[in-house]
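Starting off, we have a lone chain in the form predicted on its own, written out as structure tokens.
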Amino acid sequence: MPHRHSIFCILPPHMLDQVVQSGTSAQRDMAARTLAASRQIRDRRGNITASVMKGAITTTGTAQRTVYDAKFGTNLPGSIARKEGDAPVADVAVNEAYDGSGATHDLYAVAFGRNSIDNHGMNLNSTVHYDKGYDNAFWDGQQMVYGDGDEDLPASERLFNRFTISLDVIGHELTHGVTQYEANLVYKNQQGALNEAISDIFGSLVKQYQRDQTADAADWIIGEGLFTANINGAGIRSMKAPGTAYNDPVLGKDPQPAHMKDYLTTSQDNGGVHINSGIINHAFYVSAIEIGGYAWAKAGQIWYKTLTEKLNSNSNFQNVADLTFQTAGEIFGVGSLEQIGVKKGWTEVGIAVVDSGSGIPPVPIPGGDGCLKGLLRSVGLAK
């Protein structure tokens, strides 16, 4: 059955909450207004999945991009600023939204054979200049919406640049649409964290594909360029090293864990969806590095097939670990470098995969590393 879920904002609420606590008066006001605006949007957006199932979103067979200008209001979509095939305009945010949608479309089309967000040529609509001082970007189930960051604050107090500046943010948010049409993951707890991680994974792949970067050359940062020079940080999340993306007096320290032992159980942020996603992110990063080459070519193929053919709305961390391992064996062969790489990724974050051949999970054996334990390890039945 369809379920209600949040709009999908790129900035986690814990970051904005920290600004409310630690920022200047102007920064606190900006963050508080962004949090309030996001709550209002969430209340208005009701059941997104139901509108999708009823065909409320336009598809053409060939995706067309349209960028709208909200002109600092909140009525969506706004006035048309650039349509598919139009030349670049003077407004940099319009051009970035247009180009970012195109780059995301291209990754999915070329690397995965997908025809836009819904795989049926869904038009890619975006709205820029949403609200005044809106510190966020989001996918609302039908289109992309971007705020302009802190452009109205004094230069010394600005924390965030315009939200179209970061290609991986655009790829991240549009991927929420892909997940919506495929696994439709419940947006809370492990399912929600998995939803966020899938968006980070493919958002990073959009940037890597656009830059023609191999896995070892990529920065694996989400939100590159989003922070102003006033912030001590590289971005809002690091897939390579969760927990290290930023450490700033106003924003606080990146709280993401990289291992299941540090999984955060909380009632905040729909069960910590923007925090615990770091575990999944890091598993993918390790797998991609172990496999090598272009991350979209092998690691990405494994995850795309898993997302589109095997996950469901209630899939959790263990499910995705088992299924990506199984999928790697299906695509590249049981015992292949690719399957070993996937297993290595999950091992690094403290998740033991179920062997796809036997279907029997690894069994923890107490005591020393004796003959029995060594034998069981050799066939994948112990850890």
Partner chain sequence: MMRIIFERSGGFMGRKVSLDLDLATLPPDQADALKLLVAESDFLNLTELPTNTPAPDGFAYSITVKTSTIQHTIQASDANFPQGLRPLLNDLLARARSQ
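Everything quoted here is computed from the prediction, not taken from an experiment. Numbering follows the first chain given and starts at 1.
A second form of this protein, the form predicted in complex with the partner chain, is not displayed here; the remarks below concern that form.
| query | Of 289-297, 267-275, 114-122, 206-214, which is the one stretch near the partner chain in the model of the complex, taking non-hydrogen atoms within 4.5 angstroms as near? | reply | Only one stretch qualifies here: 267-275.
Exercise for review: Please pick, from 218, 159, 165, 234, the one residue with any non-hydrogen atom lying within 4.5 angstroms of the partner chain in the model of the complex.
Suggested key: Exactly one listed residue reaches within 4.5 Å, namely 159.
**Q.** 4.5 Å heavy atom contact, residue 201 to the partner chain in the model of the complex
**A.** Flag for residue 201 set to no.
>> Taking any heavy atom pair closer than or equal to 4.5 Å as contact, tell me whether residue 183 reaches the partner chain in the model of the complex.
In response: Although the partner chain is absent here, residue 183 would stay clear of it in the model of the complex, with no heavy atoms inside 4.5 Å.
Any chance residue 169 has a heavy atom within 4.5 Å of the partner chain in the model of the complex? Judged by the heavy-atom cut-off of 4.5 Å, residue 169 is in contact with the partner chain in the model of the complex.
Partner contact for residue 136 in the model of the complex: the partner chain, 4.5 angstroms, heavy atom:
Judged by the heavy-atom cut-off of 4.5 Å, residue 136 is in contact with the partner chain in the model of the complex.
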